[in-house]
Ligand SMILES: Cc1ncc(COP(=O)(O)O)c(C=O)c1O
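Only one chain is given next, in structure tokens, and it is the form predicted on its own.
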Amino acid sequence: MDLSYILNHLGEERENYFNAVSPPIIQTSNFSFKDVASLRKAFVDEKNISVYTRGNNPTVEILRKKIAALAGAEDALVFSSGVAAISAAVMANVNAGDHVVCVQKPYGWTHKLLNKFLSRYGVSVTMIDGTSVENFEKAIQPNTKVIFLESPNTFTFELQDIEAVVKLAKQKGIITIIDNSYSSSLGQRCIEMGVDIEVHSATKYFGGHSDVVAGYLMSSKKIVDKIFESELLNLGGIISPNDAWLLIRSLRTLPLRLKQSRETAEKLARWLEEHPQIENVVYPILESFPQHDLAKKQMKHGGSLFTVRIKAISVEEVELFCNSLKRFLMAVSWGGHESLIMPACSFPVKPDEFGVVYPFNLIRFYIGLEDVESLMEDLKQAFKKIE
């Protein structure tokens, strides 16, 4: 199935809604039935028949079909946030007394889910350096049920050898889950590499316009059915039909936006790598990246995030640099049309809350859709402030 068809036509049965080119927003909580037999049939298959929007909604169903096809998965679910998708994926596969192996420095709320939340219910976790497959093998226990990957992570970009970890997990009968938000399903084919469950913060590239919060989960029909019947229906982390429609809209331009932002990001990363006021740039596509060969092997292209360490002797200098930028907004998240910065020195949390302490001069850049020249000029004038 070709990409253009998935993005522009798959799931859109236009004859069912007045031949409208853009699908309608079915903004309803409830659905009626003409007779008892029809209602009885619907109760048996709430994932595929609209009974109540907490389960299935026609607008959301169009989106589900598209994102499953994009990932090369059999089925998919849409959640109200990325962490809702992550939580559902993990919780569906552990019980009290089970064990999880997770890579160090994952998304902060993944860390809290595993180390703060699930520990209350008797689930233990081992956090490891995921750059070595041997570390996974050493961490596995008889009660290990899940290996959680995030390759690369979205601040310092450590990778895992996905195929090697998947091979190990399958030998042990362990479920693999990967947060693929950095690369998207277009940039890294996790399901094709054998990962059981792929999750995303759809708020990022898939949304692309900084106007919707959502999460995706892609997997086999068997796994998706299990999560739908339990974690989605019971916990209710659903997306609204309106937000689903916004995500369908965003899919139309996904490849174009990804191409523009990643090409600009690579130009800026290479320019900054040579800048005298930069200590180093961390970006998987750069030849200086420690795992560059692995990045080339399992990623189709780079993403739009990179991290730099500026030459600064104090937090105040970092703040002056960041506060002087005019074209970069200072904000969390990423994946929209606007370029962003997030300085590590802004984190108000205790050093151990998310399991990691970052250097004070570390700044994460997200590169949006602006012209590269305007972003370079902005960086130049900010660097002058700290010369």
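On a predicted model such as this, the values are computed, not experimentally measured, just so you know. Don't overthink the numbering: it's just position in the shown sequence, from 1.
Omitted from view is the form predicted together with this ligand, to which the following refers.
**Student:** Can you work out whether Thr156 and this ligand are in contact in the model of the complex, taking contact to mean some heavy atom pair no more than 4.5 Å apart?
**Tutor:** No - in the model of the complex, heavy atoms of Thr156 and this ligand never come within 4.5 Å of each other.
**Student:** Tyr107: heavy atom within 4.5 Å of this ligand in the model of the complex?
**Tutor:** Answer yes; at least one heavy atom of Tyr107 falls within 4.5 Å of this ligand in the model of the complex.
**Student:** Val213: heavy atom within 4.5 Å of this ligand in the model of the complex?
**Tutor:** Yes, Val213 is a contact residue.
**Student:** For Ser201, is any heavy atom within 4.5 Å of this ligand in the model of the complex, or not?
**Tutor:** Yes, Ser201 sits close enough to this ligand in the model of the complex that at least one of its heavy atoms falls within 4.5 Å.
**Student:** Under a 4.5 angstroms heavy atom criterion, identify the one residue in Val100, Leu247, Ile197, Ile86 near this ligand in the model of the complex.
**Tutor:** If I apply the 4.5 Å criterion carefully, the residue I get is Ile86.
**Student:** Could you tell me which one of Gly130, Gly208, Gly82, Gly302 places a heavy atom within 4.5 Å of this ligand in the model of the complex?
**Tutor:** Flagged contact: Gly82.
**Student:** Please determine whether each residue of Phe136, Asp161 and Gln298 possesses a non-hydrogen atom within 4.5 angstroms of this ligand in the model of the complex.
**Tutor:** Answer is no for this spot.
**Student:** Would you mind picking out the stretch of 285-293, 69-77, 233-241, 174-182 that comes within 4.5 angstroms of this ligand in the model of the complex, counting non-hydrogen atoms?
**Tutor:** Stretch 174-182 is the one.
**Student:** Does any residue in 316-342 get within 4.5 Å of this ligand in the model of the complex, counting heavy atoms only, and if so which ones?
**Tutor:** The stretch touches the partner through Trp334 alone.
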